[in-house]
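Next up is one chain by itself, shown in structure tokens, the form predicted alone.
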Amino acid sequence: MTGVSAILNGIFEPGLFTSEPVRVAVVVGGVVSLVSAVVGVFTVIRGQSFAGHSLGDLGTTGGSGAFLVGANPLWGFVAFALVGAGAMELFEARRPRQRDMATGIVLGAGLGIAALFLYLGTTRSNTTGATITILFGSMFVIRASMIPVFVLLSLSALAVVALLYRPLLLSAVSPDIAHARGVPVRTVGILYLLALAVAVSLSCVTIGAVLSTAVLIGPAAAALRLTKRPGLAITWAALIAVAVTWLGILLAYDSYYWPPARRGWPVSFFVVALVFVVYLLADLASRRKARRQSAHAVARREDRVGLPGDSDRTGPAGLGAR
């Protein structure tokens, strides 16, 4: 029992369960990773990973602008992400190439403004804390009073996805067929982008604008390597996202006790690293499953037609030989 206690004490460092910043990080991180994973599955299926990444970069503009005026960065992230999503849809791009072009144009304009805001922020202040927080996030500095806001925004994004579940899937497979069946493809696309903007904004606050794509795309991509069924993929993505986020929080807290510096490593690093490892494992499992299925298919075909040379033994020549 002493050995088990030592292991547990090594995993759960002193003060972990009584620390308010850790409790807030667990709640906010779990909620944000959940909504990011669900929205991320549709992002991957619809081939709009670039749009998700771009909205995260556009969030830099809003976050840095919020710091300049002394507002909460969350509102800046959400506001500019929503504006960016609406601007992307103004180009009425239905094809992947058209969507990428529209996204690139909006992204370039947003990053130009972000560069100005970050410059003004660094020249007016002697600290770079604001820039680091915007780019790389920090779950441990989120106030407990913001939890209801995170939950409400997350529920709004999940509600949009739930209401548009079938139209989203159909329009992802073929916008033309969806339009022929009466699906308002453009309206569905706009609402989906708004839900995507909210999800990305929340992840920008927790792990930073630069790394927000990892939580949005990573768990979803890993889940879709494990299964092609959308409903099951959403479940897998949610479990993976919440697990890597909570484990990342645990490792970040424990890193304060690691020698020699004892300064702690950022949560965002651990979360992104774990997402990468999980995707590699999912990809490996998918490849092994594909090889097994291919081998079984070959074996079934051989069983149906018989092994080479069987026809010689069962044909007239074979009968004559016997």
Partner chain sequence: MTSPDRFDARPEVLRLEGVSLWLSGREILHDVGFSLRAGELTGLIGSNGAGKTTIFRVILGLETPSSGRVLFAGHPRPHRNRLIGYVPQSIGLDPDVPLRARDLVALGIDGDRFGIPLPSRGRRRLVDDMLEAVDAQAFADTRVGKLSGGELQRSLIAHALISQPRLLLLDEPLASLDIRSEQEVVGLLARIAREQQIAVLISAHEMNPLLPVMDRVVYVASGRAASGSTEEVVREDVLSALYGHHVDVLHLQDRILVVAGKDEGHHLELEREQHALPPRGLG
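Positions refer to the first chain, counted from 1. Quick caveat, the model's predicted, so the values are computed rather than measured.
This next part talks about the form predicted together with its partner chain, which is not shown.
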query	finding
Interface stretch in the predicted bound form with its partner chain - options 141-149, 199-207, 77-85, 159-167, non-hydrogen atom within 4.5 Å	159-167
Contact residue in the predicted bound form, from 251, 120, 183, 239 (heavy atom within 4.5 Å of its partner chain)	183
Among the candidates 216, 233, 244, 195, the residue which, in the predicted bound form, approaches its partner chain to within 4.5 Å (heavy atoms)	233
Any non-hydrogen atom of residue 224 within 4.5 angstroms of its partner chain in the predicted bound form	yes
Exercise: residue 155 in contact with its partner chain in the predicted bound form, heavy atom 4.5 Å	no
Exercise: residue 172 in contact with its partner chain in the predicted bound form, heavy atom 4.5 Å	yes
Residue 45 within 4.5 Å of its partner chain in the predicted bound form, heavy atoms	yes
